[in-house]
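This document starts with one chain, in the form predicted alone, laid out as structure tokens.
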Amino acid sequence: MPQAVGYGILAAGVFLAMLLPAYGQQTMAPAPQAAVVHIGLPQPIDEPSSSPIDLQDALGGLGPVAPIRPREGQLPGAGHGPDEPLGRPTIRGVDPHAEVFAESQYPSAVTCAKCHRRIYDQWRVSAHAYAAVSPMFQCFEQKMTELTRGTVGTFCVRCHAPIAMQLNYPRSASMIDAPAPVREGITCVACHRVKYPFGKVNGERRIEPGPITDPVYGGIGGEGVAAAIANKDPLKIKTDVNDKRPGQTIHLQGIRFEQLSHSEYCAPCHQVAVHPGIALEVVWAQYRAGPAAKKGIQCQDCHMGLVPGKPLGYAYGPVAEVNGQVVHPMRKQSNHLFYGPGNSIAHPGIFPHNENAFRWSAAAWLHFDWKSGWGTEAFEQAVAAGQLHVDFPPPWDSVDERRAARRIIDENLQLLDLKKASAIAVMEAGSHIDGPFFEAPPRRGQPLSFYYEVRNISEGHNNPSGSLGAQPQLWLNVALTGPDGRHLWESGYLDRHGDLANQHSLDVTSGRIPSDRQLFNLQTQFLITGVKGTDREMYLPINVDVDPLPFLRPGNIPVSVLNHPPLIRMEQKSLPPLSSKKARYTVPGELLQMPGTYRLSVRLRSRMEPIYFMRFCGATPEMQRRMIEQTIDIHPQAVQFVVP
């Protein structure tokens, strides 16, 4: 049985297990000091193979990989040469100029930030920016590859790291150590260098390669770019990448791409079917069948507008500032935070993206114990006074390095707090809890029966929605407190591992805690049959049992007849738009023996991954602990009632 998730300080190196698979890292030059952050939120390794990796072979890096075994006396994740910095392993077959080539053909978001700082600050903490470096995505994709023996191919990477896909970057390398445009996931050019409209084709888009001066595509047009170039001398703009004079090189043309402002643009990555024909991403189909689509409300109106989750318009103002001068002062400002419920579980030195963090390698960051207070004034004073004795790994054996790193950590933690606040805002904008409604007046010694009505007040799509692969959980947590302040009863509680107390709880199956038989959980499940019994849940959308038995293969039944492939289906429990479900509870009468005032508390709780699913995919205890920390509470409220 796995160990319980620890809640104390874990070793800084525990994040190394996130590097599944691990890559070679390219050198990145230090970036200039970041400007003031403008989020704009509302107030309310793998040991290198003996054979080279073929960059022209899209399947060359597939298959399970073995972890790096460091030399004696070497830190895990350290380089393979005596002079290599921490975390810079040599990967055979990777062009040493890959960083330069990637940036020249696919400009990094950091390059775009020089004129679009407000947008960059929103984007760099978004789920789009997190898509490639997400530790859970890395574990998920690795598990999918292992179970499918590599036949899943580049299916996951197409959406999570489209530039890696287009560059044919080897799968055997770590996203967090890749060239900047690869590491940035759904970066600026992943949307603004697409010029052809696409339908539901599982993330297969073409990003137009080219230098920073090449055209960009947006929802409005190129008036602002044209005005800036017409005024290029006062703005100190360069229109030639070979111009070595001081000034800012920019894209020379902005072209209107109408689909970018419509929901159809989101469909290729948000309506995806895996190979057996089961829907993995389902939000587009839900949206298309819902009231919002019929009213002409676009995905962007709720997820990039003025208010999270509400189609209440957009802010207006400049979207570019060149060398301190505003260009086109009254433009529609789409918020590139992309409001949604997800939050990061990565090391805050690695995510959010921060130019000043690039001076250290990803592996070095993974050794920085930010939770123990490294670099804070109190910690460093305690170390200087001899009250703490820590064997710091390089480069953190320098107090100046630790203090500089702490400033980046503090900035990133502030961004993460703002992201979490936006996640709560968007979830509260689409949900409501009515109740409690009592079946009968409360009486001493009598069972107390009541219910809450949980409503999806959004017109857009189901709640929760998104990816079956991520298996987002949304459940009701209800607790009863007695007149003397004692905790009497609860549903929606967690076991010591952080799992709900249902069939997936190790504590429930071992008899350590009782099963939560009144649990209200809106999580969708992926079910298979296997021709050997009743439906059973498979954590990943792969139509094979993990413990297969011989069976006669069924006949070919058309999917169109069943509306799902034979022996495989989704059990959808989420709430469709403008619908509701009743969560019914009964508290045993023996718990209401004391007369007086009782308090009944309730909250909806949301997180992107179940802990049992994380364990199945090989997530580390630290990743599991971080996921528990990132659980958000929605509509917390309480009522009091008197038992005579």
Ligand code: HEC
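All values derive from a computational prediction rather than experimental measurement. Heads up: residue numbers just count along the shown sequence, starting at 1.
The same protein also has a form predicted in complex with the named molecule, omitted here; what follows describes it.
K.L.:
Hey, with the named molecule in the model of the complex, do Y452, Q525 and K581 all fall inside the 4.5 Å heavy atom range?
P.N.:
Not one of the three qualifies.
K.L.:
Looking at heavy atoms inside 4.5 Å, which stretch does the named molecule contact in the model of the complex, given the options 506 to 514, 114 to 122, 437 to 445, 354 to 362?
P.N.:
Of the stretches listed, the one contacting the partner is 114 to 122.
K.L.:
Can H328 be called a contact residue for the named molecule in the model of the complex at 4.5 Å between heavy atoms?
P.N.:
Output for H328 is yes: heavy atoms within 4.5 Å of the named molecule.
K.L.:
Please determine whether H336 contacts the named molecule in the model of the complex, using a 4.5 Å cut-off between heavy atoms.
P.N.:
H336: contacts the named molecule in the model of the complex.
K.L.:
Is there a heavy atom of P179 no more than 4.5 Å from a heavy atom of the named molecule in the model of the complex?
P.N.:
No, P179 sits far enough from the named molecule in the model of the complex that none of its heavy atoms falls within 4.5 Å.
K.L.:
Does the 4.5 Å heavy atom contact test between S134 and the named molecule in the model of the complex come out positive?
P.N.:
Heavy-atom contact with the named molecule at 4.5 Å: present for S134.
K.L.:
To verify the annotation, which of these, Q298, N477, Q105, Q166, has a non-hydrogen atom within 4.5 Å of the named molecule in the model of the complex?
P.N.:
Spelling it out, the residue with a heavy atom inside the cut-off is Q298.
K.L.:
Looking at M175, L500, V272, A346, which is the one with a non-hydrogen atom within 4.5 Å of the named molecule in the model of the complex?
P.N.:
After the contact test, the surviving option is V272.
K.L.:
So which bits of 440 to 464 sit within 4.5 Å of the named molecule in the model of the complex, heavy atoms only?
P.N.:
Stretch hits, in order: S458, E459, G460, H461, N462, N463, P464.
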